[in-house]
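Next comes just one chain, in structure tokens: the form predicted alone.
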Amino acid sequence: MSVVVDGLTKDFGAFRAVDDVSFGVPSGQVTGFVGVNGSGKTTTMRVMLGLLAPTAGSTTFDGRTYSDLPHPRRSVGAVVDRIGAHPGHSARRHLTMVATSAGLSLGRVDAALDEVGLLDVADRPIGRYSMGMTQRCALAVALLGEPETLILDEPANGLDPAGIRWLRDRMRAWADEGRAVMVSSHQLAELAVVVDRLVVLRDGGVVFVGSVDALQSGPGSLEDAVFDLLVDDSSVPVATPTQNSTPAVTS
């Protein structure tokens, strides 16, 4: 699936949270989405998914906005908010309700729970889950429709070290299956192991789009390179939209 963010802008009154952001999310790759708190990452993701209306610009999935997709959950899976489940409901019941409302096969419920390692506790109330288990449940919801694209905002929150490694391996596997994976995270050391390319935001605008190798060209770590970029981007090339306004994708 081709995901294209083109000139995305979002204002909240006089405050511009996202400023003319353009990038692509290629299939078969993991795209890291990084920046300091308040840089516009979550707002961008929410606008991409139609949870917020853009002030300008667009996001398309194979040429369609999220709201125009005929079967959104079969095209895009996302973790951008709290799971929103009743704490007294089990994970199996919650996923069953989501699958029913989305017209998905109920056979996907246990398959998704199994994929995230919750099948053995699927009937336990979500209110009794740890933060990491709740995050896995949110991932299971995202996977229900076997989507071609995954958009994940800080999916490692609450996961223990084993869970973080599991998630890293799963993101790599999803990309190797041909899916487009976009993930925001502050854990740059983990991102360095799994991502193919990076989109870096500062003050609501894109300051870098490209491969990890293009950014991490010096002797330091990826974390050092990103930090230096967020302080001073004068020496780093920025991918810009082409003349036909399709964002350039540097692989």
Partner chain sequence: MSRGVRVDALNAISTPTAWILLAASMVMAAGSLTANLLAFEVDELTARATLQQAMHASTVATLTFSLVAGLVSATSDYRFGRIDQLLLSEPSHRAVVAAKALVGAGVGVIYGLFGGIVAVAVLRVFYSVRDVPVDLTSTVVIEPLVGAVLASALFGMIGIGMGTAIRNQPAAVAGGLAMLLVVQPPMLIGLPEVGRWLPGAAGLSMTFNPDDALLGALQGGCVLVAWTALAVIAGWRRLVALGAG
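It should be emphasised that the depicted structure is a prediction, and the values quoted were computed from it without experimental measurement. Positions refer to the first chain, counted from 1. Between two forms, the rigid core is the largest collection of C-alphas that superpose within 1.5 Å.
Absent from the display: the form predicted in complex with its partner chain. The rest refers to it.
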Exercise. Are all three residues 126, 131 and 168 in contact with its partner chain in the predicted complex, where contact means a non-hydrogen atom within 4.5 Å?
Worked result: no
For this session: Go through 175, 156, 109, 85 and name the one with a heavy atom inside 4.5 Å of its partner chain in the predicted complex.
Result: 85
For this session: Work out which of 56, 192, 51, 214 lies within 4.5 Å of its partner chain in the predicted complex, going by heavy atoms.
Result: 51
Problem set entry | Region of this chain that lies against its partner chain in the predicted complex, out of 222-230, 196-204, 32-40, 64-72 [heavy atom, 4.5 Å] | 64-72
Problem set entry | Contact flag, residue 100 vs its partner chain in the predicted complex, heavy atom cut 4.5 Å | yes
Exercise. Residue 141: heavy atom within 4.5 Å of its partner chain in the predicted complex?
Worked result: yes
Exercise. Would residue 186 count as touching its partner chain in the predicted complex under a 4.5 Å heavy atom rule?
Worked result: no
For this session: Spell out, yes or no, whether the shortest heavy atom distance between residue 122 and its partner chain in the predicted complex is within 4.5 Å.
Result: no
Exercise. So with the core overlaid, does the Cα of residue 150 end up 2 Å or more away between this form and the one not shown?
Worked result: no
Exercise. When the two forms are laid on each other by their rigid core, does residue 127 show a Cα shift of 2 Å or more between this form and the one not shown?
Worked result: yes
For this session: For residue 103, state whether the C-alpha moves by 2 Å or more between this form and the one not shown after rigid core superposition.
Result: no
